[in-house]
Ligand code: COA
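As a starting point, one isolated chain is supplied in structure tokens, in the form predicted on its own.
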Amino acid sequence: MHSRRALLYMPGDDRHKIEKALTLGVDCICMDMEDGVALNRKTDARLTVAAALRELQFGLSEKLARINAVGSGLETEDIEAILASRPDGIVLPKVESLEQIQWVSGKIEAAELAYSWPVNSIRMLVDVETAKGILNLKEISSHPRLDALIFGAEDYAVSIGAIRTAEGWEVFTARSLVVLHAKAHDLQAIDLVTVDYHDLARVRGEAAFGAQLGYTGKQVIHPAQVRPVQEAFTPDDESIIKASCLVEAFVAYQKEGKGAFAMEGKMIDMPLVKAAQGVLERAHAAGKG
């Protein structure tokens, strides 16, 4: 599974911006055919995204395409236009039911079989961004093609009639539920967009809080947001050293037949060991350690 600390959206009808994204060292690039594209530019977006998938070298960046929502009337043309160009994954917005995921997965599997690609090699990430979607997270999270749940705070706030604030308490419950269901199904959890992309202090703060909640990455809408977001979801050197020492001590004490042990004035048991192992796994996924 790809590391997805920063998921960068680029408008699917703008080849120049897609090419710019390739220079940013971002974890994954999502070429958007939904909200980032005007209604009269949808056909251009399909052609541009398909060509970009075929012609551009994405290097280590995952190449994703976001189609329009199932039920929008645009989804069939979107997915049929791009599948032959073999994206790494499809992002499906405004998911409210398992049936929507099953419909898209069926289209993907038909292409995998037609082109003799391994079944389930094209993954899915889904945006959960409505009240109904949050209520149906348990069934939504269960599909085997899924890699990640993405929380859409702005659309969710609209769906419940909330007023968005900098503090974000109006979306906190839903934000937490997305993490809960993602982790229960061994999925990545990708956090909300910081809409005020020029305010890098806010980007850093929201990314750090998302990491505290258990998110594994964050949506990004501007190149300036990439580095602060990647840093927030990558353990720093001090954290890696502490985690390594703790895990090494755990292994040594296990050989002596000891479970819990004291280290730096703390009693260390399995929850803390697992947390340290998680730090090392995140560092490895980010190319550190």
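Each residue number is its position in the shown sequence, starting from 1. These numbers were taken from a predicted model, which means no experiment stands behind them.
What follows is about the form predicted in complex with ligand COA, which we do not show.
**Q** So ligand COA isn't shown here. In the model of the complex, which residue out of A50, I221, L56, I240 has a non-hydrogen atom within 4.5 Å of it?
**A** Checking each option against ligand COA in the model of the complex, the one that comes within 4.5 Å is I221.
**Q** Does the trio R164, R202 and E206 actually contact ligand COA in the model of the complex, every residue with a heavy atom within 4.5 Å?
**A** Not one of the three qualifies.
**Q** Report yes if any heavy atom of E62 sits within 4.5 Å of a heavy atom of ligand COA in the model of the complex; otherwise report no.
**A** Although ligand COA is absent here, E62 would stay clear of it in the model of the complex, with no heavy atoms inside 4.5 Å.
**Q** Does D32 reach ligand COA in the model of the complex, with heavy atoms at most 4.5 Å apart?
**A** Yes, D32 is a contact residue.
**Q** With the cut-off set at 4.5 Å between non-hydrogen atoms, does A276 touch ligand COA in the model of the complex?
**A** No, A276 sits far enough from ligand COA in the model of the complex that none of its heavy atoms falls within 4.5 Å.
**Q** Check whether K20 has any heavy atom within 4.5 Å of a heavy atom of ligand COA in the model of the complex, and answer yes or no.
**A** Yes - in the model of the complex, heavy atoms of K20 and ligand COA come within 4.5 Å of each other.
**Q** Within 36 to 60, which residues come within 4.5 Å of ligand COA in the model of the complex, counting heavy atoms only?
**A** Contacting residue: only G36.
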